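There is one chain below, alone, in structure tokens, taken in the form predicted alone.
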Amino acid sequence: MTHPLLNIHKLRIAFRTHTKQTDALKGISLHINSDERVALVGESGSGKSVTARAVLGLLQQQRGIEIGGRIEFEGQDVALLKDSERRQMRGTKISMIFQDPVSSLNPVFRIETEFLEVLRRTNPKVTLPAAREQAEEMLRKVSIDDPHRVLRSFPFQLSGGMNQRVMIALALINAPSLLIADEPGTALDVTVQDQTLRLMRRLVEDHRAAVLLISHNLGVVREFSDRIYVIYRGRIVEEGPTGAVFADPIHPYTRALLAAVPRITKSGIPKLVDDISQFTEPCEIHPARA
């Protein structure tokens, strides 16, 4: 029996301050197989991005954060890795595309320097000319016709759509096994966002990378993902093949998310949930309605 590429088992994350503790994740479990596209869906604050940062090992050894459960990548417990091993894992075996490409790129570095730093994770001796050559080839794959100009540019000299393409190229240039896409294209207009997502889908298929897509855009999720996990207030409330979940959602929260998608009808936008008593556990947003 083959093991999943990524296996999250009963992951718990709590943020502590001097006055209170906030439980961000309350024992979620999910897995991703090789070459599989999986979506994690939920409203803002439900725990999607925290999950992504935990997978990357960005929360370990930070003050005020308590982590329980287990995250295994390629059969290894991420929590047991040394800091140097986690840094090596990021950008080589696991890459991430963040929501806002402009804020994710260093404003004082030219794009070519960003590529050089990423390539040096797999080959510390790579030279700038060699890195530039690989970067130009990768930028052409993301439909950038003038890669030389882009590599010599700073992020603020490029459009949002161009920076997003650069981010995709940076994420895939080391051929990672897993790509985490956290709301890709959210900062872009609808047309550019659609082009970017289609481009990303083609490239991950070419590179045979698994994808964890984090999004609240159900249209994107339906088109892009093979399976879907629905997260509500730090808990996974539903999972299954994307088509099956969209066709016959079981949990009231999933039905509420699908019903919240605006539709142009005579009756307007439908009610989210007919009866709050359908929820199987107390609503943490409105405890009085439990």
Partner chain sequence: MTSVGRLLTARLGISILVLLGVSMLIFAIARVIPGDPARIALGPNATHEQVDKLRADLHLNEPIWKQYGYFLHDLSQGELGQSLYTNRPVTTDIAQFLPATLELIIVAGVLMIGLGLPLGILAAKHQGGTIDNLVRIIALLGVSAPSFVWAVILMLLFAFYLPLFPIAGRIAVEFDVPTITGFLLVDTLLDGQIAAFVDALRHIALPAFALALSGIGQAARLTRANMAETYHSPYIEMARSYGFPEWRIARRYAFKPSLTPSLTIIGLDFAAMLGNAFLVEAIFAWPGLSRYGVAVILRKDLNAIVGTVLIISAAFLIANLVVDLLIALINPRIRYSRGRV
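Quantities reported herein were computed from a predicted structural model and do not represent experimental measurements. Positions refer to the first chain, counted from 1.
Not on display, but discussed next: the form predicted together with its partner chain.
Shown alone, this chain has one stretch from 138 to 146, 95 to 103, 69 to 77, 204 to 212 that lies within 4.5 Å of its partner chain in the predicted complex by heavy atoms: 95 to 103. Highlighted residues Arg198, Arg235 and Thr254: none comes within 4.5 Å of its partner chain in the predicted complex, counting any heavy atom. Shown alone here, Pro129 lies farther than 4.5 Å from its partner chain in the predicted complex, counting heavy atoms only. Contact between Val221 and its partner chain in the predicted complex is not found at the 4.5 Å heavy atom cutoff. Its partner chain in the predicted complex comes within 4.5 Å of a heavy atom belonging to Val118. Its partner chain in the predicted complex comes within 4.5 Å of no heavy atom belonging to Val38. Taking its partner chain as positioned in the predicted complex, the residues of 149 to 172 that bring a heavy atom within 4.5 Å of it are, in sequence order, Phe154, Phe156, Gln157, Met167, Leu170, Ala171.
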